[in-house]
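Take a look at this single chain, the form predicted alone, given in structure tokens.
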């Protein structure tokens, strides 16, 4: 299976994960007081539109780069082969539907529809994108169960990242910022805890499928070394999230604790972006045989 180059894969994963996660968080927090969530709900459509535009630009480039890898030729020479690749290969067929889903997603982001309807549309369409990404990646080499597990893994990462970004999006001027942090943080913490459990279970399953009990492959194979870097980055994020949950969240009535939380959340977002980068590299690295 030919993978999308790491840089394109990272941008695609990050954009669709953010849309999926923020849309899910918007649905989860519909019951929050309007005064505390007004900044979040006002900024969310602009974020979705920016990310869908990015997907519109990046997706065709990612497909063409993948096609070049498959045909072992340059961009200008692969263009006549695009219809055949989309028609005759599994990856091409997955990308055909994926590009269509990106266009529908971009249209939906600009439609003047109700907030809840928009969130549901964003979440479902990015879920479809994740599914096609799983089909076009290494997971297809291990069967349908592996595709489903990889999709769940991506969805959990999106929920965690989206919850963190949503918390930051809702931070405006006091006193609404303080209200928003106190109201939204428990939901962020709950989503993060569930995501960690899912990511751990699905990550272990995927690692076992690709490496099994051959632990020497963690150091002897490029795939294994990349996986170790991802695990190390993931462990740092978990430690930071645990510190927030155990030491910071219980003191959110204090302004200093709220400032500390926001700094730590910003650091979590950066570290999760790094973890997604390692995921993109894994998608571009053949599993050891």
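Positions refer to the first chain, counted from 1. If you're wondering where the values come from, they're calculated on a predicted model, not measured in any experiment.
Below, we turn to the form predicted together with protoporphyrin IX containing FE (HEM), even though it does not appear here.
Taken together, the three residues 42, 44 and 48 all stay farther than 4.5 Å from protoporphyrin IX containing FE (HEM) in the model of the complex, as judged by their closest heavy atom. At a distance threshold of 4.5 angstroms between non-hydrogen atoms, residue 180 is out of contact with protoporphyrin IX containing FE (HEM) in the model of the complex.
Although the partner is absent from this view, residue 204 contacts protoporphyrin IX containing FE (HEM) in the model of the complex, with a non-hydrogen atom inside 4.5 angstroms. At a distance threshold of 4.5 angstroms between non-hydrogen atoms, residue 95 is out of contact with protoporphyrin IX containing FE (HEM) in the model of the complex. The closest heavy atom approach of residue 27 to protoporphyrin IX containing FE (HEM) in the model of the complex falls outside 4.5 Å.
In summary, the region of this chain contacting protoporphyrin IX containing FE (HEM) in the model of the complex, judged by heavy atoms within 4.5 Å and restricted to 250 to 258, 62 to 70, 230 to 238, 48 to 56, corresponds to 230 to 238. In terms of contact with protoporphyrin IX containing FE (HEM) in the model of the complex, the residue from 102, 157, 123, 165 that brings a heavy atom within 4.5 Å is 157. Applying a 4.5 Å heavy atom cutoff to protoporphyrin IX containing FE (HEM) in the model of the complex picks out no residue from 118 to 133.
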